[in-house]
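Form predicted alone, single chain, as structure tokens, below.
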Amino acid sequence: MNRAELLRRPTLEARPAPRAPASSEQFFTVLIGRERFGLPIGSVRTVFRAQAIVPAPLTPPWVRGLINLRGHIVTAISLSVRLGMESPAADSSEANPLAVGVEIEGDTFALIVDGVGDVAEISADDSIGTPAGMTPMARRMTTCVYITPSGILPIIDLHAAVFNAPERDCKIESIS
């Protein structure tokens, strides 16, 4: 095609700009009993089998004890007990429970779970209110709940789950 032919061609209409994708977040999914929960992926460090959990005296019932994780002594926390749920991980007779190593405020903790899933990428638009059927403890231990193709996905509030956070209202608080 020469220059004259290019100039005689009809001009193309401008295409609309593509829609900006909704902001999304990634969560590492875990199973507690038969329920699926999400952990903020930025806090997850490793998944492992907890060996030789040593009971820690004078701790809440959700603290299973202390374990050695790559040369560091970390606190093992049963998420099923913390959430007030029944699950096999709550059974202290389980020899080597599955654990997820998470880092919170510079410290590492082992969260005892029943299973691990994959990474879920979820649009912020898929957030819903906390379902009425959740126990009060589970409501306090979740930051939000998302709708996914496989059902709802409550997101664990790691700070509340690890530290004995005071009870708080589950409504969204405004930032002043």
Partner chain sequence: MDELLQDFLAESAENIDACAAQLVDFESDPSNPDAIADIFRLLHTIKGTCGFLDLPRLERLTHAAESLIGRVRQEGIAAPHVVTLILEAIDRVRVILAGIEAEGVEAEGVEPAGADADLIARLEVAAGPSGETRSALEEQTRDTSSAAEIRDAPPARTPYQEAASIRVSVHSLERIMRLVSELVLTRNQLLDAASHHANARIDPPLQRLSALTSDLQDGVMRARMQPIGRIFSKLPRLVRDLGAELGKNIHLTIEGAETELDRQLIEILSDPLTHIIRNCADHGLENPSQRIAAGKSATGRIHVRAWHEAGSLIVEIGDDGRGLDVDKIRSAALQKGLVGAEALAAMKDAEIFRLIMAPGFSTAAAVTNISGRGIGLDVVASNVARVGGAIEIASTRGAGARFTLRLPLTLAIAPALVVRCAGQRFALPQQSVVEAISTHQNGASRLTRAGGALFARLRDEVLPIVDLRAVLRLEVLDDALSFNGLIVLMRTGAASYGLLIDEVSDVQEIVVKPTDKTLSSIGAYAGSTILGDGAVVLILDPSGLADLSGLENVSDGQPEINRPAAHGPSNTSLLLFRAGDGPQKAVPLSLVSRIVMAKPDSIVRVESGLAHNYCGKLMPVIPLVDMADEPERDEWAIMIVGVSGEPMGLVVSSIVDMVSERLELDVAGGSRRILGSCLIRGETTEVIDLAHYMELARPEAFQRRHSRKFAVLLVDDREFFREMLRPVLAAAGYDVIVAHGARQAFTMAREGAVFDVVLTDIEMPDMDGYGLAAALREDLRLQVPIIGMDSYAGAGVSQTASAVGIGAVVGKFDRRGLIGALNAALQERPFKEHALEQRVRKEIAA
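Positions refer to the first chain, counted from 1. Quick caveat: nothing in here was measured; it's all calculated off a predicted structure.
The next section is about a form of this same protein that is not shown, the form predicted together with the partner chain.
Stretch-level contact check against the partner chain in the predicted bound form with heavy atoms at 4.5 Å: of 36 to 44, 58 to 66, 126 to 134, 112 to 120, the positive one is 58 to 66. Contact check for Ile155: no non-hydrogen atom falls within 4.5 Å of the partner chain in the predicted bound form.
Mapping the unseen interface onto this chain, Ile73 counts among the residues with a heavy atom inside 4.5 Å of the partner chain in the predicted bound form. Contacts between stretch 101 to 119 and the partner chain, counted in the predicted bound form as any heavy atom lying within 4.5 Å, involve Glu105, Asp107, Phe109, listed in sequence order.
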